[in-house]
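Before any questions on binding or motion, here is one chain by itself as structure tokens, the form predicted alone.
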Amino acid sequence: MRDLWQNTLKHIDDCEGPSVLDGVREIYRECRLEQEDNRLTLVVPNGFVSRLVSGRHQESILKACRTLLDRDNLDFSIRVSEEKKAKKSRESGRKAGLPMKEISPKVPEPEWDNHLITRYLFENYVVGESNRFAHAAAYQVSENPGKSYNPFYIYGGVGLGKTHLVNAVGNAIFRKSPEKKILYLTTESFLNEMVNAIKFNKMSEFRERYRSIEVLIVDDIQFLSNKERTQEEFFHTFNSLFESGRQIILTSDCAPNEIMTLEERLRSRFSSGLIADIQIPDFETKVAILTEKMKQEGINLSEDVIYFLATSIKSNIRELEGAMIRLGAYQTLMGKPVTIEVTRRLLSNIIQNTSMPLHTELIVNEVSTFYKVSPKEIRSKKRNRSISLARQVAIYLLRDLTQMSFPEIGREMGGRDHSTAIYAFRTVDENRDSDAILSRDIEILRRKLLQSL
């Protein structure tokens, strides 16, 4: 069943995007699928991979296998390889452990196949300034589906948590009202179902299925662009559900008026409810996300590494999670601690480095010359106004122009705590908009420092 497993991974890449399996492909190569009648068993090398699959990719794997094998009633379980356990036993001098129990989904399977991703819940969704409004609105929708904010449209860049949030809505509604017909799917899946319905002359069944849904959640609605027949069908489905008071939830990478070649009547429908955007998370939110994900995955990275990741990976939460998984896998499989140096080496493909990174001393010396204080004073405990300002600006530029984490910056600035470095950075960042002189000073210093590269 090695071919089925490889085809399954390829199917996930093709249908859900390669970023879903980023950081785990090498680990998953050691797995294999076993099939007996309608039962699929994924044999994994160790407990870490078992937790990884059940916590992140079980639904994707099962969905891909159902498609590839053309079977809807497949059962799925995970088992740790006896060979791997025996080998580990010999190496450690211990007896092999008992076989793992089958992994069950967190939420029971409904009679109606809602395709919700059961691991995405409000309980494990990290809220920050970048997504607070969208989260509050989503929670309100889950409390009063069809009554509050209909349609509900969420947009934002790739990997910022849109899919998590809309599935959290669906799962919350299902837990309270398991009898409700809820459906989560991507726009591509809607298109494929419609094409098959046309091909096999089953459009009436297709329409009946979609217009009986009570909560419809459609991901990546921007892919309706340029698909006139699909837009026509979706328009009538939308109208039927909306007029019946059914909840419609949509996600996109842009606002409705920015979707190219979208019919005006659809653009108008999408804009008629509540539109909420999700921004790139700030540093503190990224740290909170990493902390929550590590708890879920059973990964333990040092504070320095967490802050380094939150500082270095600036835009994509999915990429941030993938980096965390890769580091966790290294720590588990290699049995070695993950340091900043190891992190830089393992993630060199996603952490963008300048060809000649600015050195700490260069930044501190430039700031000290500009503000007419000594480097020693900047690193000292003195708190008079001129020295404090120079210190805060130095910390701001260290964060802005280097790959250093806040703990590293704190140590470089006289052995200060990372929270002090964070406070200094945020103070300068927030004051730049209202203080024209401070903003001008920083731009002068940035230009000088970047010219020195």
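A residue's number is simply how far along the shown sequence it sits, counting from 1. Everything numeric in this text was worked out from a predicted model, so none of it was measured.
One more form of this protein should be noted, the form predicted together with adenosine-5'-diphosphate (ADP), which is absent from this view; the next part is about it.
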Heavy atom within 4.5 Å of adenosine-5'-diphosphate (ADP) in the predicted complex - residue from F174, Y120, F270, F234: Y120
Candidate from I182, A134, V141, L160 lying within 4.5 Å of adenosine-5'-diphosphate (ADP) in the predicted complex - any heavy atom: L160
adenosine-5'-diphosphate (ADP) contact in the predicted complex: L250, any heavy atom under 4.5 Å: no
Y125, heavy atom within 4.5 angstroms of adenosine-5'-diphosphate (ADP) in the predicted complex: yes
Exercise: D304 in contact with adenosine-5'-diphosphate (ADP) in the predicted complex, heavy atom 4.5 Å: no
In the predicted complex, E321 touching adenosine-5'-diphosphate (ADP) (heavy atom, 4.5 Å): yes
Residue stretch of 359-367, 262-270, 201-209, 163-171 approaching adenosine-5'-diphosphate (ADP) in the predicted complex, non-hydrogen atom distance within 4.5 Å: 163-171
Three-residue site I289, K293 and I317 fully in contact with adenosine-5'-diphosphate (ADP) in the predicted complex at 4.5 Å by heavy atom: yes
